[in-house]
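Heads up, the chain below is alone and in the form predicted on its own; it's given as C-alpha cells.
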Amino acid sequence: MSKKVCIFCGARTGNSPEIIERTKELVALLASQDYDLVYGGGNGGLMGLIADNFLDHGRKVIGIRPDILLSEENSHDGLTEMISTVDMFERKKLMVEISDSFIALPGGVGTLDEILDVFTLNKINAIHKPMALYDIDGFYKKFEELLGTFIKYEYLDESAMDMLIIDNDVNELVNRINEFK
C-alpha cells in the first residue's frame, strides 16, 4: 500500500542548481519506495518540479489549493487529483489529515509556516507523523540555530527536537522518516 508524503516547498525555483538536482534525487527515492505526493497544487517553482517528477515516476499526485490561489497562481492541470479548499487553514488541515509524513524543501515564508504548524501539532501530541527538513546546502541551518536559541532560553524543550528530522543526506533523511517512532 502506498504512503502519502506531503512536501512543502517554494512556488519559485530559486537560484541554486544543487537544490533542483537534489530535489529530483529525493523524488526518485520516494517514488521507488512507494510514496505518492500531497502538495500545494502549483505548477511553478519547486512545487511544479516535484509534481512533474512524481508523475514521471508513475506515482499519484494530489494537489490541495485554496480558492484564492486557484485564481492568482497557476495550478497544475495534470495531477491525479486537485482538491480546492476555502482558505489556507483548511488546506493545511487537509494536508495534515491525509499525509503520512512531511518533508520541507527550500521555500519561503509559506513553507516556514507549514513546517511550524506540523512541528507544533507533533509537539502538542495532536498528531504523531514525521516532519523532516531536507537541509540542502545548509538552507535550514539558521532555522536549526534559532530552535537551539529557543532551547537555550527554555522556550522549547530539547526533547522536542526528537520530533523534527533535519538532514542533508537524502538516503538518511528518508530512512529516518521510515523509522520514525
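The structure presented is a predicted model; accordingly, all values stated were derived computationally and were not measured. The first residue of the shown sequence is 1; numbering continues from there.
Quick note: we don't show the form predicted in complex with a small molecule, though the next part is all about it.
In the model of the complex, E114 approaches the small molecule with a heavy atom inside 4.5 Å. Contact between M47 and the small molecule in the model of the complex is found at the 4.5 Å heavy atom cutoff. Among residues of the shown chain, G78 is not one whose heavy atoms approach the small molecule to within 4.5 Å in the model of the complex.
Shown alone here, N74 lies within 4.5 Å of the small molecule in the model of the complex, counting heavy atoms only. The partner is not drawn, yet in the model of the complex one stretch among 21 to 29, 167 to 175, 6 to 14, 153 to 161 has residues with heavy atoms inside 4.5 Å of the small molecule: 6 to 14.
Checking A132, L69, L37, I136 against the small molecule in the model of the complex, a heavy atom within 4.5 Å turns up for just one residue: L69.
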